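One chain comes next, on its own, written out as structure tokens in the form predicted alone.
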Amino acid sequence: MKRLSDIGTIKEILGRHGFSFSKGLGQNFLINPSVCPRMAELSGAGEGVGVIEIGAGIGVLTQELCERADRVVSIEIDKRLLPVLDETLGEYDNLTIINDDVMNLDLNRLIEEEFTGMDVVVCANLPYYITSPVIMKLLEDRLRIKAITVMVQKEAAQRICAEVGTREGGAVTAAVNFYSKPELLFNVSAGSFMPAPKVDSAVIRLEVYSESPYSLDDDKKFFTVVKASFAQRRKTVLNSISSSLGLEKQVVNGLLLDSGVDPRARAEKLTMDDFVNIARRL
């Protein structure tokens, strides 16, 4: 088993394949040997488990997942990495690599075709530029998955894992909490990557609910309320919802009072129950 986190090994392999890093794809490869084993272990990868990985890179995390899980499907958008991965991961017969954009894939179909009879988890080192869209796709597609363990920018991790109803939280905090229970696992310094990004990272785990604890006839109303509430964060929730949804202030004021919400409050002070109550009355 090659030490794919060794900087000398990485440079030698990439140099031989004529590979150069793409800023547009947010490529930063891990060179800290302790991160991927820990991440794979905490992801839930193991016997009877299938893993979806997003962004294989040169296979540092993929290798650790293949050592633990029954089956791994890794989605890699950069076709230039395919010959590299053939070399670094060719020994694993429990691995399938798909050259595609995860945002374009039918992941429910992929799970049914690739992971019959298995529990499924997601584990990935996500590029910063696409963190929120990928996480929300994984949650909104209502996939048959147990958990999502991902490395993201530290600031994004803190916001996602913040408590709803606090200043640190935001629209993505409420959205993630609707589908899952988030937890910040550990921080990863910028020096753990090649090339080193300008900011630190963190690994988070989202324990996905089999059924959301927040009962609504139409989930879309919840997200409409959340987005409208945070659209103008510095304004009161009355003004923000009224302006964003084009509703008369008098109507929104009554809606908020009926929901037990102070119209003068700002969105960051609202709890999950507050958002759900507003959505039910919208």
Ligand code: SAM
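Remember, predicted model here, so these are calculated numbers, not experimental data. Numbering starts at 1 and runs along the sequence shown.
There is another form of this protein, the form predicted in complex with S-adenosylmethionine (SAM), and it is not shown here; the text below is about that form.
Contact with S-adenosylmethionine (SAM) in the predicted complex, judged as any non-hydrogen atom within 4.5 angstroms, is confined among 88 to 96, 128 to 136, 168 to 176, 152 to 160 to 128 to 136. Proximity of residue 78 to S-adenosylmethionine (SAM) in the predicted complex falls within the 4.5 Å heavy atom cutoff. At a distance threshold of 4.5 angstroms between non-hydrogen atoms, residue 100 is in contact with S-adenosylmethionine (SAM) in the predicted complex. At least one heavy atom of residue 27 is located within 4.5 Å of S-adenosylmethionine (SAM) in the predicted complex. Heavy atoms of residue 54 reach within 4.5 Å of S-adenosylmethionine (SAM) in the predicted complex, making it an interface residue. Proximity to S-adenosylmethionine (SAM) in the predicted complex, defined as a heavy atom within 4.5 Å, holds among 60, 40, 252, 237 only for 60.
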